[in-house]
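One chain is shown next in structure tokens, namely the form predicted alone.
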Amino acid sequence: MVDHVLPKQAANISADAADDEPRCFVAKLFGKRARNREAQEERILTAAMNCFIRSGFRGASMNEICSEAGMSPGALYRYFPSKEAIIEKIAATHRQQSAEILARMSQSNNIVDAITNVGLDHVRKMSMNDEGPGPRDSSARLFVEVRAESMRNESVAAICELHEGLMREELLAAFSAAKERGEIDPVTDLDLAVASLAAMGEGIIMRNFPAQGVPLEALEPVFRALAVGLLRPTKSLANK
């Protein structure tokens, strides 16, 4: 009886394996295509960042970006139909980086320490990034270009507002929790406190102090003083 069963089992296993082969091939094919697309997008984004920094957002044309990327216009437009679409992708990357930085606030039980570290981490990421091609402060220099363009271009302004809105929500939630715990007594309402700190942080990033030779450690007391001045930590926080 066993001798009759085993061959059937083996046949079933072989049939299952045969069914899996097309699925594996399709998965590998789509995986390869996805990786190729990511590589091409990264190639275009790097070229665009170089052009925006060199010529400004307005001065950089799609043709210039094509030339920098070594691609035909037809090939580039398959990935990004406009400069605004490129900026939206870059902004999405920055949103992800900011989200990761803000998520680390929960690791600290001191809101002033947390805000100080958020400021330093953003400067480090924008002005001292060792990842990828281009100068270390590419993100900071691009930030200035995008910020300037947002004053004239509604599409770019909407992209910036989305990015800033997500950051404000995270900061507002952290400030609200600290206030409920009796750890801070802000000089103004929380919405204005968040907006003010964000504006001052942006100004520090736009000044790009590390590129001027200012060490990151020198900015630590600056961010701390801003946080203390606006949030006014109470004795409850000091005793932690």
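Whichever C-alpha set is largest while still superposing within 1.5 Å between the two forms counts as the rigid core. Just so it is clear, the model here is predicted, and its values are computed rather than measured. Start at 1 with the first residue shown and count on from there.
The protein also exists as the form predicted together with a further copy of the same chain; that form is not presented, and the subsequent description refers to it.
In the predicted complex, none of the heavy atoms of H163 sits within 4.5 Å of a heavy atom of a further copy of the same chain. Although the partner is absent from this view, R104 stays clear of a further copy of the same chain in the predicted complex, with no non-hydrogen atom inside 4.5 angstroms. In the predicted complex, a further copy of the same chain stays beyond 4.5 Å of every heavy atom belonging to E42. At the 4.5 Å threshold, heavy atoms of E64 stay clear of a further copy of the same chain in the predicted complex, well away from it. You can rule out all but one of 53 to 61, 66 to 74, 170 to 178, 34 to 42: in the predicted complex, only 53 to 61 has residues with a heavy atom within 4.5 Å of a further copy of the same chain. For the options H122, H94, K83, R141, the residue carrying a heavy atom within 4.5 angstroms of a further copy of the same chain in the predicted complex is R141.
Scanning 157 to 194 for heavy atoms within 4.5 Å of a further copy of the same chain in the predicted complex gives E164, V187, L192 in sequence order. Superposed on the core, the two forms barely differ at G56: its CA moves less than 2 Å between this form and the one not shown.
Core-superposed comparison between this form and the one not shown: the CA of Q212 stays below a 2 Å shift. Relative to the superposed core, A199 shifts its CA atom by less than 2 Å between this form and the one not shown.
Relative to this form, in the predicted complex the C-alpha atoms of P186 and I115 separate from one another by 3 angstroms or more. Relative to this form, in the predicted complex the C-alpha atoms of S196 and P186 separate from one another by 3 angstroms or more.
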